[in-house]
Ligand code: UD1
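One chain comes next, on its own, written as structure tokens: the form predicted on its own.
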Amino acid sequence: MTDSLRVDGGRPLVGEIAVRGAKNFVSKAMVAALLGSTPSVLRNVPEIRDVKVVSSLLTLHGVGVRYDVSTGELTLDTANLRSADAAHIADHAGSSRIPILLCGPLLHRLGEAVIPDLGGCRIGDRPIDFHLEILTKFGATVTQREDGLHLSAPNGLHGIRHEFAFPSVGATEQLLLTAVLAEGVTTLHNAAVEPEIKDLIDTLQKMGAIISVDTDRSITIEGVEQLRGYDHWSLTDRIEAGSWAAAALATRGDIFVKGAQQRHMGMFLNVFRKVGGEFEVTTDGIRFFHPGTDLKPIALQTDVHPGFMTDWQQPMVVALTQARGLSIVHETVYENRFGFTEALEKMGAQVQLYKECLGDKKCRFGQRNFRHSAVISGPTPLRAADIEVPDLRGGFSHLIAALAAEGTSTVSGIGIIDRGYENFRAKLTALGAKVEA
């Protein structure tokens, strides 16, 4: 499949598409299956590259993987679990950072784990130091070798007390996946509490884990001796749903997103309405549409859950280029997330970036010389351009811009979009877009 797409823009996206399980949950639930002594069944699984990557990594470790694309049912059997070498893990992982999350479960089940060099989207600081610090605190020994990091747990893993300076989704997942079989009690303060985290906790509880979540972002895990497999239906991908909603706004379209869930998108829906978009919630999804009137400028600040999530920011910025007036967006989660706006400016958008915190609170990037606030002036007609995709969410946002622009754009590097957007090319065609590989 070609890694570029020619997009004939200037047409509203109209029609219905379906969204399945959340990328940011499904991959972690697949890792959680390593902890179970019996097979696990995960349902509502999307056909995305991250699922293929994790499936390959699990197969490499002896896990039996069966995936029915039509039903979205994934079965994982750990009866023949085994170790793998770093070179093979690196070959299968590519730029994914998933191998770091395998470490806790593998230390429990096999007594050892390996981490090759890890990649990921270049949107900000995502060091594995947080993960290694947690694993070491649990009792893991980390040894640097030529092929990567080798971890062992000669004395087993034991419960810890830990607090994050900033709620980290990945590090919270690491702690949960390690603590459930660690001896004793683990407490985590200032944890991430995103819906995907809560769904992971529900999954682990089905496996036999004992986990309590308090209202002050504290999580307590009582270690157990053994976990069984699970049968779980994944929550819908709220990021993908929000991306299609933003596409409806930017293209003056009307999209019904089957599977979208109101309870996981409350903050997004509030912002969508403030901008001037309309939506209708039904029992099986949400209809997002442009009402035909001017979109309104807003002041927006990203934050950890229950705030406006950072992954919604990029597609919403594209829609804000079509709002009448000045919009202000303050990014507080990833310091380099506005890199994608360079392409928008090339297409005619007026976006100015600032190092100052332009939100209602100071954030950790305010004194670190990062351009993490944006002022968007609109509405500005977007014109076609040749664009290179920078990262997953920025890539889909560029695609939205190309769909809204007059003329034919070439969007290159779109393979990265397959990581988190299931069959997005077919969905674009279903919505009336004119795209050609």
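Numbering starts at 1 and follows the sequence shown. Bear in mind that the values here come from a model prediction, so they are computed numbers and not experimental data.
In what follows, reference is made to the form predicted in complex with the ligand, a form of this protein that is not presented.
Proximity to the ligand in the predicted bound form, taken as a non-hydrogen atom within 4.5 angstroms, holds for one residue of 330, 131, 108, 232, which is 131. Only one segment in the set 290-298, 331-339, 73-81, 207-215 has any non-hydrogen atom within 4.5 angstroms of the ligand in the predicted bound form, and it is 331-339. Heavy atoms of residue 28 reach within 4.5 Å of the ligand in the predicted bound form, making it an interface residue. Contact annotation: residue 354 falls outside 4.5 Å of the ligand in the predicted bound form, judged by heavy atom distances. Put simply, residue 23 is close to the ligand in the predicted bound form: some heavy atom of it is within 4.5 Å. Of the heavy atoms in residue 169, some are within 4.5 Å of the ligand in the predicted bound form. Within 4.5 Å of the ligand in the predicted bound form, a heavy atom is found for not a single one of 52, 388 and 425.
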